[in-house]
Structure formats: structure tokens, C-alpha cells
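Below, in C-alpha cells: the form predicted on its own, a single chain.
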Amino acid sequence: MTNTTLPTDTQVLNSLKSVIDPELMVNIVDLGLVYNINIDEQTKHILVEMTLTSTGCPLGDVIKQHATEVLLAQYSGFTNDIILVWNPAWNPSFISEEGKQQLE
């Protein structure tokens, strides 16, 4: 189902939960990889700042592309950018309780 109304940060996060890190098999939200979401009502643009588990992650482009595709499919009429940031550096303490359970 696509949504043309202004999404909330929570809705965007819920959409991004369908993006799975192929190495850890946990979604990027529960891994703590998504740092910031900015939704611009005027330009209908969603900006997501996220990181990867390591700067040399070989599947970073795949994860980024999947996140882009999910947001385009979920929020028609909105453009998006997925920006990779490295500060703060990701560490396992960022994983949510749900993510930790998935890793067990």
C-alpha cells in the first residue's frame, strides 16, 4: 500500500524495518543503523541518515538501495535520499532489545 500523505518519523522507521542486513539477518532499524529522519513537507522529500556496521561493509550499497526502494514504494509522491554517515561509529550497544533477540 502506498501513502501520499505526509509520513511521520515512526511510519518511516516502520517501513525501514523491512530492510534486512543480509549478513546479520536483522533489520536496519533494530540494528540501530538509522540515526536520523527528516521529512520535508514542502518538497515532499524524506532524508534518512544511517550508518553501516562497518565502514567497509561489502553490502552497504545493497542495503542503501533497498532502503531507497522501500521508501519510494511506501510513499508515492515523495523523493528520498539515504545518506551514509560514520559519526557516531556504530557499535553493538545500538541494537534494540528486539534486534538482540533476533541475533540469538
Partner chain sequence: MNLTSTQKAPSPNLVTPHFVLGGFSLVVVAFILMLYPSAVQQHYFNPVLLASTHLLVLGFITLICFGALYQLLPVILDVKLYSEKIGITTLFTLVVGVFFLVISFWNLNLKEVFYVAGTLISIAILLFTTNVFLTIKQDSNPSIEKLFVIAATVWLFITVILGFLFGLNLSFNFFDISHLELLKLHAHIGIFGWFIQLIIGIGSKLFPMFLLSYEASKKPLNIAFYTLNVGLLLGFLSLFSTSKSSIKIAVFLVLIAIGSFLYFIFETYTKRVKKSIDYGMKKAVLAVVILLIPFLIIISLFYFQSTEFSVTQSFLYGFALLIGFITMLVMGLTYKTLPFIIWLKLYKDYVGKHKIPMPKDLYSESTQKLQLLLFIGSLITIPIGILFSFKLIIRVGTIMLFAATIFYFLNILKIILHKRYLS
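Keep in mind that what you see is a predicted model, and the values were worked out from it rather than measured. Numbering follows the first chain given and starts at 1.
FYI, the form predicted in complex with the partner chain isn't displayed, but the following is about it.
Listed residues 55, 76, 43, 36 were compared with the partner chain in the predicted bound form; 55 is the one with a heavy atom within 4.5 Å. Within 4.5 Å of the partner chain in the predicted bound form, a heavy atom is found for none of 81, 85 and 98. For the chain shown alone, residue 103 is a contact residue for the partner chain in the predicted bound form, at least one non-hydrogen atom being within 4.5 angstroms. Interface residue remark: residue 13 is not counted as part of the site for the partner chain in the predicted bound form, having no heavy atom within 4.5 Å. In the predicted bound form, residue 9 stays away from the partner chain, with no heavy atom inside 4.5 Å.
Although the partner is absent from this view, residue 60 contacts the partner chain in the predicted bound form, with a non-hydrogen atom inside 4.5 angstroms. Within 4.5 angstroms of the partner chain in the predicted bound form, the stretch 65 to 82 places a non-hydrogen atom from each of 65, 66, 69, taken in sequence order.
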